[in-house]
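Only one chain is shown below, in structure tokens, and it's the form predicted on its own.
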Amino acid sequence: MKHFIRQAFRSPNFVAGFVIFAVILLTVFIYPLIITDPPLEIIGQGTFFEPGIYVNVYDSIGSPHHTLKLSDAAAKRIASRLGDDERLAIKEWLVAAGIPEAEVDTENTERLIDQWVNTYDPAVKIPGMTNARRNYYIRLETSLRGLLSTEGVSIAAKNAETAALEEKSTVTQSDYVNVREVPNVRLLLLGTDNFGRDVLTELIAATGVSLQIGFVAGIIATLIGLILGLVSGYVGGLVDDVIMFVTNLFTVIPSFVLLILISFSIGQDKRGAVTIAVVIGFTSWVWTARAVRSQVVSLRNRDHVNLSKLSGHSIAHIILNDILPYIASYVVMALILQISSGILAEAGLSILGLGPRTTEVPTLGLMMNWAMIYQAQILGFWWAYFPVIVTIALIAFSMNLMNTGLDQVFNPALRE
């Protein structure tokens, strides 16, 4: 085993893949120790909050205020609140009012506001403009006047005796709050999903569950393929014919179609993560069995195997001691590929709505399914699906690198 590990870590590809996979595993184990929130906890009343730092408004008012004189603060405030639709609407009115279109630049916020303030008149009637559109421009004018105002915001509270509002304090436009001094601050590196849940916390938990599914499915598929391949390749004869008949039968039926049919027949209430992993494992062993059989067939007539036969050793002893050690490296490579295939199979099933039930644990496939149902890819909410794609790609890429590295080390045809 030490020699095997030493040989594997001589391959740059294996080391690179191992490092990527180790980082993913460490993140899955360490992150829940730091952030103990449940992965499916709904923290936002709304859908798809953008990534960023969220500060409690109520607590920020009560925190110490600091006065900063920043010359471009007002311009930034106006630019951030003036969206593309509002800019186009302003341009539309200005052009209709007689300003040449070439002189209206929607990207130049300061000039656009100046043109609007100096030109807009609610009494002016633009030919062809409906009342609804005219009312929209009146609301837009009110909103812009509020942004251009230099006055502060008054904070009032009811008087307990008179029930009248009394001004308690004023927040000026030059007041700033240090984020460290606000009690309730939440960092959402990847925002929230369609249910208002922290995407990063959900992604870490989903990665862990998907890895568990991949390992369980990979181990089951590799064990079944290994046992059938060893017995079929060494015993031969009728046993070989029966096993190959069953293998060929499974080869004719696409494994993913079989996986869909079995998952659908189980029913959503009974589809847990372990159940899905077992189903994937029992439908993914075919190519491993065929590959192991071909390896055993080339080994069963070797001198050391024949010597073991003459010594009177049992079939089980010969397979375990004289054949299995020679294909151990290949079995490890097969296991790596089976784990990767198991994760991808679960993702495919979950995207179709046939993965684990959605009320207990998230998986990478379920996160993709939720994002697709709520059209995150169409609406531009990239944080709901792109990190999931990157995570799946990194897992598959790291395992492929490890497999390629092992192949370069233990395959005589590729060995340098």
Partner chain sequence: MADKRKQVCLKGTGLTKVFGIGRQQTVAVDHVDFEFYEGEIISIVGESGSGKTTLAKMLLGLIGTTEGDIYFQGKKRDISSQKKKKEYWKNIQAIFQDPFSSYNIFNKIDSVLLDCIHMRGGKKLPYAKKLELMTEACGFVNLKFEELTNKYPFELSGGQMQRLMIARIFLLKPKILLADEPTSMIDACSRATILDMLMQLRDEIDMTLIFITHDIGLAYFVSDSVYIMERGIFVERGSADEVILHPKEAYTQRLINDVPKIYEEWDLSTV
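Positions refer to the first chain, counted from 1. In this text the structure is predicted, and so the values were computed from the model without any measurement.
Heads up, the form predicted in complex with its partner chain isn't pictured, but that's what we're talking about next.
Peer 1: Among 326, 250, 287, 176, which has any heavy atom within 4.5 Å of its partner chain in the model of the complex?
Peer 2: Of 326, 250, 287, 176, the residue with a heavy atom within 4.5 Å of its partner chain in the model of the complex is 326.
Peer 1: Looking at 294, 162, 149, 301 here, can you tell me which has any non-hydrogen atom within 4.5 angstroms of its partner chain in the model of the complex?
Peer 2: Selected residue: 301.
Peer 1: Answer with yes or no whether residue 274 is in contact with its partner chain in the model of the complex, where contact means some heavy atom within 4.5 Å.
Peer 2: Answer no; every heavy atom of residue 274 is more than 4.5 Å from its partner chain in the model of the complex.
Peer 1: Is residue 311 part of the interface with its partner chain in the model of the complex - any heavy atom within 4.5 Å?
Peer 2: Flag for residue 311 set to yes.
Peer 1: Looking at the partner-bound form in the model of the complex, is residue 315 within 4.5 Å of its partner chain by any heavy atom?
Peer 2: Residue 315 belongs to the contact set for its partner chain.
Peer 1: Find out whether any non-hydrogen atom of residue 306 is located within 4.5 angstroms of its partner chain in the model of the complex, and reply yes or no.
Peer 2: Residue 306: yes, in contact with its partner chain in the model of the complex.
Peer 1: Only one of these stretches, 154-162, 193-201, 255-263, 318-326, has heavy atoms within 4.5 Å of its partner chain in the model of the complex; which one is it?
Peer 2: Among the candidates, contact is made by 318-326.
Peer 1: Note that its partner chain is not shown here; using its position in the model of the complex, name the residues of 164-199 with a heavy atom within 4.5 Å of it, in sequence order.
Peer 2: Contacting residues: none.
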